[in-house]
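Coming up is one lone chain in C-alpha cells, specifically the form predicted alone.
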C-alpha cells in the first residue's frame, strides 16, 4: 500500500516526528520543574501533520504558526538548540531570548513565526502571499491554525480575500478536537472543510494521524495553491493538555485511546511493509532523544537575554 515511498523518506519522517515528540517532552520536564517563565503548548499527537507538510517545502516557502508552534518550527528546519535557548530566555535563542515559546521564528528558512493571538496569522498570510503573487514567484504560504481559530472573524475575512485575489495560500487547520477545553463538535457549526465552500475554495479533510494521507493530500493541495488558495482540515488529537495548567477533566481515557499515535502507526508500517527491524528504529529513537537532551542542556547554561530599557522600540520592532 505504501511502497511508492523510498525507505529513506520514511525514515526521515520517523526521525523528524521523534525529534518533535522528544523536544516537547524534555521541554515539559523543564517546565514542570519550575524552570520556565510562562507556559508552553505542546504538539504531542499532531506530529504527522507538521512533518508530512513541512518536509515537502523549500526554504523559500513560508509557514506561519500558532501558540502551539514547536512542531511546525522543527519540521521546517529551525534549529532545536536555538529553540530551547529561546524558550529558556537566552541570548542564543532564535529571537535573542526575547519572544519565548509562542513567537519563535527563523525567516532564513521560511519560518515566519508562531503567534500568541488566536487567528492572528491569517491576515499576515494574506500579505506574504500577495507579495509572492506580485513578484511572480512560485512559492506558497502555509498558514497553520487550530480549530478554535476558525470561529474568529479573521478566518472568514482572510478566506474571502484570499479567494477573491487568488493568493497562493494553503490554510492548514489542525482540528485537534478542543479549543482549550471547548469541544470542537459543540463549538463549530457544520465542519471546517465545508466552510471553504462559501468562499469557492477547494478543500480537503484528511486523517492527521496518518502521515501518508497528509503527504498525499498536501502534494495535491500544493499543486492547486500555485493558482488559488486551498484549505486542509487535518483531523488530529492533542495528547497533552492545552498547557501546563490544564487538568484535562473534559475528556476521558476511553476517548484518548480512540486516537492512534502517528509515530507508532508509522513504526508498525516500517516494520511490516519495509522490513525495518525494531532494533534499527530503537537506535533512531535513542539518537533523536540524545540530540534533544544535549541541545536542552547546552541551551540551559547559556547567558540570559538582555533588554535595553532605553530602546524599547528597538527591542520590539525589527529594522
Partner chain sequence: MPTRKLTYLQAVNESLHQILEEVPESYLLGEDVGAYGGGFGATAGLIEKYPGRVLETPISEAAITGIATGSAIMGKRPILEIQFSDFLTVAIDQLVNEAAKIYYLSNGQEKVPMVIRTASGSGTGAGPQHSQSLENWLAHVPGLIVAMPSNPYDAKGILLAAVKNNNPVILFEPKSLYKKPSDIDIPEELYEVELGKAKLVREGSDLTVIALGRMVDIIKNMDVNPSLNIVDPVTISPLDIQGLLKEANKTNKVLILTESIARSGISAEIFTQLYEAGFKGTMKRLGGKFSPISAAKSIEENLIPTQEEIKQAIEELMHEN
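We call the rigid core the largest set of C-alpha positions that still match within 1.5 Å between the two forms. Numbering follows the first chain given and starts at 1. Given the structure is predicted, the values throughout are model-derived calculations rather than measurements.
Below, we refer to the form predicted together with its partner chain, which is not included among the displayed structures.
Contact between residue 246 and its partner chain in the predicted complex at 4.5 Å, heavy atoms?
-> Judged by the heavy-atom cut-off of 4.5 Å, residue 246 is in contact with its partner chain in the predicted complex.
Answer yes if any heavy atom of residue 301 is within 4.5 Å of a heavy atom of its partner chain in the predicted complex; otherwise answer no.
-> So residue 301 does not count as contacting its partner chain.
Is there any non-hydrogen atom of residue 117 lying within 4.5 Å of its partner chain in the predicted complex?
-> Residue 117: contacts its partner chain in the predicted complex.
Its partner chain contact at residue 99 in the predicted complex, heavy atom, 4.5 Å = Contact with its partner chain, yes.
Please name which of the stretches 211 to 219, 226 to 234, 75 to 83, 174 to 182 has residues with heavy atoms lying within 4.5 Å of its partner chain in the predicted complex.
-> Result of the contact check: 174 to 182.
Does each of 152, 187 and 317 have at least one heavy atom within 4.5 Å of its partner chain in the predicted complex?
-> Yes, all three are in contact.
Taking its partner chain in the predicted complex, which residues of 304 to 319 have any heavy atom within 4.5 Å of it?
-> Heavy-atom contacts to its partner chain in the predicted complex: 304, 305, 306, 307, 309, 312, 313, 316, 317.
Core-aligned C-alpha movement of residue 25 between the shown form and the other one, 2 Å or more = No, residue 25 moves less than 2 Å.
Just checking, between the shown form and the other one and with the core aligned, does residue 9 shift 2 Å or more at the CA?
-> Superposed on the core, residue 9 moves its C-alpha less than 2 Å between the shown form and the other one.
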